[in-house]
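Just the one chain here, the form predicted on its own, laid out as structure tokens.
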Amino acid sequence: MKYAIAKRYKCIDAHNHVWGRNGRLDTAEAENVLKAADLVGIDRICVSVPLTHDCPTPEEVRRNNDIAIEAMKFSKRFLGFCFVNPGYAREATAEIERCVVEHGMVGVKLYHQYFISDPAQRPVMEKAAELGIPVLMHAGKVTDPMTRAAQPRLSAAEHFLQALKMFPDTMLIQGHIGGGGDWEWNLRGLESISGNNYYIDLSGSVVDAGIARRTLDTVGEDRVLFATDMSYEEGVGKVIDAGFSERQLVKIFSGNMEKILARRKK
């Protein structure tokens, strides 16, 4: 493919998914993810199986994480992120322990059940810091009434700024700057970002002119992660079109994520 990512970057997709069918990994769909990754030059893929309704039970959470564990066994290219519902604090921390320590997952995935700055997140955040793994949070600044009603606790820039103060030892990844909504508003809120524990991924289907470049210019080249969230061509195109330097491409495609993965405590 003309615009595939060069193999020398050993690209890591920091935000993607696999899904289940009848309670097990949908292996056909997982194979398609790997084929798509091959076509655009992605080496390893961080995957989770989140639940999007208001209050997933511990049993639902465990079943979905078992699908991610299946994916990791299906291919070593899949790096699992453990989805949890912080509303069940004891069960959530035990599930992170199971997924990371027993099964080798490399991160935590949160959806919109709680803002990332909600005090209910503390046990999850402290467990992630203890294990040296990042927390990837579904995020955005939506403006249409329907989506706002469906996701009333969707985290945006101001919530991440608060969370960095509340949980200073935890690595936070703001998900999909290109996931929709007012991404420019999000970036304006991040102009004061500081510290070594904040990252943002470039995933999402939005390919507005300048989105990748403006993200890097706002938060700095050491905080930007390549990701697709299943929008493969868009994910690659917005980075290739941004005019980044070779040093910046190395960091975005794999270097920054490799540093995150290296902080995992064995």
Partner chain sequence: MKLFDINTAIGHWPFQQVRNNTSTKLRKLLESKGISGAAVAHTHGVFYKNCHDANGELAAEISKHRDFFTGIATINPTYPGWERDLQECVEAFGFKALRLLPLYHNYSLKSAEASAIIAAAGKMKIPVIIPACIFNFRQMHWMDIPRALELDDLKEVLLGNPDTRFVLTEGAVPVSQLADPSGKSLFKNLYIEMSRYRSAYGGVLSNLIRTIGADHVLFGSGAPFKEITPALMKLDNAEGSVAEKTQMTSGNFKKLLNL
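Positions refer to the first chain, counted from 1. All of these numbers come straight from a predicted model, not from anything done at the bench.
Form predicted together with the partner chain: not shown, discussed below.
Contact check for Val142: a heavy atom falls within 4.5 Å of the partner chain in the predicted complex. Using a 4.5 Å cutoff between non-hydrogen atoms, Gly175 does not count as a contact of the partner chain in the predicted complex.
Interface residue remark: Val101 is not counted as part of the site for the partner chain in the predicted complex, having no heavy atom within 4.5 Å. Interface residue remark: Trp183 is counted as part of the site for the partner chain in the predicted complex, having a heavy atom within 4.5 Å.
Candidate site formed by Trp19, Ala36 and Met146: every one of these residues places a non-hydrogen atom within 4.5 angstroms of the partner chain in the predicted complex.
Listed stretches are 226-234, 52-60, 194-202, 66-74; the contact stretch with the partner chain in the predicted complex is 226-234, by a heavy atom cutoff of 4.5 Å. Residues from 188-226 that approach the partner chain in the predicted complex with a non-hydrogen atom closer than or equal to 4.5 Å are Ser205, Val206, Val207, Asp208, Ala209, Gly210, Ile211, in the order they occur in the chain.
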